[in-house]
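First, one chain by itself in structure tokens, the form predicted alone.
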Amino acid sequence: MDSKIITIKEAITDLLHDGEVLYLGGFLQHEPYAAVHEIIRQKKKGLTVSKCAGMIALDQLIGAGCVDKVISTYIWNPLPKPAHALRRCIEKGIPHKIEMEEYSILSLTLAYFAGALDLPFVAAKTLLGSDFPQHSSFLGENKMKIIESPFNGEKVCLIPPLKHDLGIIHVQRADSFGNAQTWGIMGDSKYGINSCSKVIICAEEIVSTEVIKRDPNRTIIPGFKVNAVVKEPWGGHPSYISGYYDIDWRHFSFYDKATQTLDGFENYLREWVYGVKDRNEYINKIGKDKLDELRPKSWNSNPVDYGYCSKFQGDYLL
């Protein structure tokens, strides 16, 4: 196999096109901020963005005018504070109006699950006590339906699949072919990234395939489904990546104050997105001392023995 390692600029240029349906991975961690900033720098337009846990990465895409439609459960600043660009968009149509499809966390994860497994729907009891099934935006009749079970007559909620043109996630490590591994809180990410026709993997580090093979249960997507691999240390900042760095609460607080006004939001983009050409310039701008404060102490999990069985036992089956 050939190496799939390219730059984030090349990956976004080649694989993300205006008007496509984009899945952004990450549930509190694994958020691909480096990729989001490159999308904004390239001024992609007309995107439908699907993200289960919508934090300020999605707020930035909306405020930058890249998004026409959103599929999510919430969009906020986890301090907690409002996502100010989203509020301006919904309340005042700035920079333009968007359509939004809202799910619960479980129901959206099940929609990704159905998309990853190419299922026609998933039947669940979730949302039966809510009005989610009665309210839809651009998905209309294709959002969900309530039916009676053909087996016992109980009411069930049918959640159809969500599929995406492109998915992007930031992981702890991957090999050069795209076999990607994560640990820590996962949320919807495994199913979401596998529901995509094209995939960009951003990783803190690139390791050998032998390292991947020694711990296969951590692999969330196989390399044959991945189109591009990007080595992007600190690419999930200001969110966190388990084992690599903690969440930068000070930056989330700074973002909240800086983006309360439209001028402030545009100044933030000029300084932190348009004003840096890549992630290296971004982390240099933050500074080594602040980054060192976010580095965690080592806390290793216990190793397990998978057991290497080399002798072929097939003859005994004859």
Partner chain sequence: MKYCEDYTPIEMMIISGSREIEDGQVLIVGTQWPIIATLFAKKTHAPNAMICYEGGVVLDSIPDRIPLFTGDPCITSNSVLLNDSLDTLGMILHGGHPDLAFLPAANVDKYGNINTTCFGDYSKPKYRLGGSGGACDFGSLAKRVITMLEHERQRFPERVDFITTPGYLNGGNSRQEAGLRCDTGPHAVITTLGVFRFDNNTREMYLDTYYPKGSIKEIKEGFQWDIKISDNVKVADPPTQEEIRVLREEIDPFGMYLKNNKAKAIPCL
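The structure displayed is predicted, hence computed values, not measured ones. Positions refer to the first chain, counted from 1.
The same protein also exists as the form predicted together with the partner chain; that form is not shown, yet it is the one meant from here on.
Out of the listed residues L61, M55, A34, L47, M55 is the one that sits within 4.5 Å of the partner chain in the predicted bound form by at least one heavy atom. Just one of I75, A85, V229, L166 comes within 4.5 Å of the partner chain in the predicted bound form, counting any heavy atom, and that one is I75. For the chain shown alone, H96 is not a contact residue for the partner chain in the predicted bound form, no non-hydrogen atom being within 4.5 angstroms. Proximity of L28 to the partner chain in the predicted bound form: non-hydrogen atoms within 4.5 Å are present. When contacts are judged by a 4.5 Å heavy atom cut-off, P233 does not count as touching the partner chain in the predicted bound form. Although the partner is absent here, W249 is a contact residue: one of its heavy atoms lies within 4.5 angstroms of the partner chain in the predicted bound form. Along 99 to 115, a non-hydrogen atom within 4.5 Å of the partner chain in the predicted bound form is carried by M100, E102, Y103, S104, I105, L106, S107, T109, L110, F113, in order along the sequence.
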